[in-house]
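Quick heads-up: it's one chain on its own, the form predicted on its own, in structure tokens.
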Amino acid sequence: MTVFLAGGSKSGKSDLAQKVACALAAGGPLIYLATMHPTDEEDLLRIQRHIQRREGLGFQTIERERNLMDLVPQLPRDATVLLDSVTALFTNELFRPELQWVPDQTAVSRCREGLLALADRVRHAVVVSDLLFGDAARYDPDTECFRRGLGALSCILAARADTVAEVCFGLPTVWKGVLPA
């Protein structure tokens, strides 16, 4: 089963994703795939809060900022994997330091391949993403590239997922399928 959870920043989607992943795992291997590359103190504090919230839940944490396809073949087929988040993974792929922060136009396809391979590889995948592309404002070209790419990845994941939910204030609105309890 693949579950796609999306919502605004600090909407409660990560906490919900942990509950869903634990319910789906039913005692099987439980992997937390962390994708954030911390760039400041706020990022480090957010990571620490996430670590504290999953203490005692049985997650094995794997940190993977990019190149998801390199990791997927190593994941146990019977695992439940929580990937948090597509937003960070895509950001890391799109704005690579070795490209001097110029958007990498192959980032969407690399993320798509990795995310779909993950969903096909493991028993259950719970994937978290931010909703950062829905307003009508116009932004600079790099930001628009990011918003279009994240939107495209969200559409791909929503089409592939068995369950799709939008999270706001910790409350899910299920748009497709049934949210595991």
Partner chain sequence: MDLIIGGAYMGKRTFAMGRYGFSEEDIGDAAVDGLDFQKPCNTHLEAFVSSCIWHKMDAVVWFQTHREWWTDTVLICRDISGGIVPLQAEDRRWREETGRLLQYLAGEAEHVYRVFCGLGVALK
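Positions refer to the first chain, counted from 1. Worth saying up front: this structure is predicted, and the values here are computed from it rather than measured.
Keep in mind the form predicted in complex with its partner chain is missing from the figure; the text below concerns it.
Peer 1: May I ask you to choose, among Ile62, Leu118, Ala152, Met36, the residue with a heavy atom within 4.5 Å of its partner chain in the model of the complex?
Peer 2: The option sitting close enough to the partner is Ala152.
Peer 1: Report whether all of Asp15, Gly28 and Leu82 sit within 4.5 Å of its partner chain in the model of the complex, measuring from non-hydrogen atoms.
Peer 2: Per the other structure, none of Asp15, Gly28 and Leu82 touch its partner chain.
Peer 1: Within 4.5 angstroms, counting heavy atoms, which one of the listed stretches 126-134, 109-117, 64-72, 38-46 is next to its partner chain in the model of the complex?
Peer 2: The contacting stretch is 126-134.
Peer 1: Is the gap between Arg148 and its partner chain in the model of the complex 4.5 Å or less for some heavy atom pair?
Peer 2: Heavy-atom contact with its partner chain at 4.5 Å: present for Arg148.
Peer 1: Heavy atom to heavy atom, is Glu144 within 4.5 Å of its partner chain in the model of the complex?
Peer 2: Heavy-atom contact with its partner chain at 4.5 Å: present for Glu144.
Peer 1: I'd like to check something about Val164: if you look in the model of the complex, is any of its heavy atoms closer than or equal to 4.5 Å to a heavy atom of its partner chain?
Peer 2: Yes, Val164 lies within 4.5 Å of its partner chain in the model of the complex.
Peer 1: Should Ala158 be classed as touching its partner chain in the model of the complex when contacts are defined as heavy atoms within 4.5 Å?
Peer 2: Yes.
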